[in-house]
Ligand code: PFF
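Before any questions on binding or motion, here is one chain by itself as structure tokens, the form predicted alone.
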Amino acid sequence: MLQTRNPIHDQWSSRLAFIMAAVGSAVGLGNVWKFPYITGENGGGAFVLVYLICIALIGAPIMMAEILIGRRGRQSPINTMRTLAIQEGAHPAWGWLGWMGVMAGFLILSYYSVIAGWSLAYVVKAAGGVFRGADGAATGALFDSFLQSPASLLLWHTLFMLLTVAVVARGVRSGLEQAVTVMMPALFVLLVILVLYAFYEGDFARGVDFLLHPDFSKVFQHCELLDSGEKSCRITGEPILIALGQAFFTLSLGMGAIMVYGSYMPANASIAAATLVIVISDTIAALLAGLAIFPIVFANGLEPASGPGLIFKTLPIAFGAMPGGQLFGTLFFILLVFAAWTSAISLLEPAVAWLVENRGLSRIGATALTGVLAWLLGIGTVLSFNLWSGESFQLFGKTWFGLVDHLSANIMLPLGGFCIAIFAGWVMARESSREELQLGDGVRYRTWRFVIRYVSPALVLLVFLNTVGLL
């Protein structure tokens, strides 16, 4: 029987602690901030359907693969991939897959911190009663004005990165585990309350129809809101790629986070059961966010394809009108910060683990170094919304933020997921994956192995080749 490696780092105290941490990594700005606005930009229900298919056939199987690889290696993603490749008789160059995952997570953290900083700023705005009585025009103007101030964006970006560094520096149990056990349940409660408010005060029927009624023609149509306020649409398969990228982004796949969290997972915990809970929780959070936001969008005559600022232009309208909205809005943005916080620490952790293992740094020193580098890279995102927003600062028609987001979420994560599927399905011995998954050799294991070997990589590859123009 093949044996797993002994843990190098600390471990989660229980299976529940791992699930809470993984849910915290998955449920964050990707659900509450990104999912609603990309759904609005890509046609609504048709996009949601493609997204759910990507989650079921690609996201969940690859998450199981990434967790089992992490737990079997018990190291940082880079060292885990190299060690397991050697153990399975493959070339140690598989370590590059760990490098790509860590770099993807690092790039995402650089702009994730900036967007999370917006939430921090809006905590102050909500507490100050800025949203009271505001309509769509007022909240839109407030947000646009906020983005035009590089100094303000940089301040909140800095504060959020400091919060992230503070948690990661404390370690697995004292930092990461304690941070997630309270924040996530509270966020779900507030999301449900927001949905109830949208049901009574928003155009709920239209919101549900937009979110859940599929128009398959829109799967091949990508729309963008122009500066003139008009919507421009073109025929493309890009929404499918965006749905795939969102599945990887929201589940934290291919970025080293789930792999390194899996390396801290107790040996007797069920990977399949944990994955099921994580995927269901993440999907529910995304759908709840859509049901909370789109009814408010339509009730106030706003455009669902209004881009990254959607949540910062629509939810303040509700907070400004509902009883107790000042307090409730403040609490919501605090908890949105918490959701972003739990995801950000998972993005920083893989690089920190590698520095501790390979460069002899203390955990505090490794965390400080990676935090500063991610902060510096995030300055490009800060400037993308103001000083670098013009065409002269764009590359391939995208701002720095748009380019980093596209490269990481739509290219690196799917490519990393494809390689993880290949490694788990074709490189690892059948006995290795079966032993780690603890599913025996029955229908469940055989189904997973078939999907991870054939279905998941084929779907990822088809979409990826279409993206780069080879299909």
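Residue positions are given as counts along the sequence shown, with the first one as 1. Just so you know, these numbers come straight off a predicted model, no measurement behind them.
Unshown form predicted in complex with this ligand; subsequent notes refer to it.
In the model of the complex, T39 stays away from this ligand, with no heavy atom inside 4.5 Å. When contacts are judged by a 4.5 Å heavy atom cut-off, Y112 counts as touching this ligand in the model of the complex.
Remark: S346 counts among the residues lining this ligand in the model of the complex, judged by a heavy atom distance of 4.5 Å or less. Taking the partner from the other structure, this ligand in the model of the complex has a heavy atom within 4.5 Å of a heavy atom of T250. Scanning V180, L97, I311, I108 against this ligand in the model of the complex with a 4.5 Å heavy atom cut-off leaves one residue, I108. Scanning A421, I58, M64, A26 against this ligand in the model of the complex with a 4.5 Å heavy atom cut-off leaves one residue, A26.
This chain is displayed without this ligand, yet in the model of the complex the stretch 254-262 from 356-364, 254-262, 290-298, 396-404 comes within 4.5 Å of it by heavy atoms.
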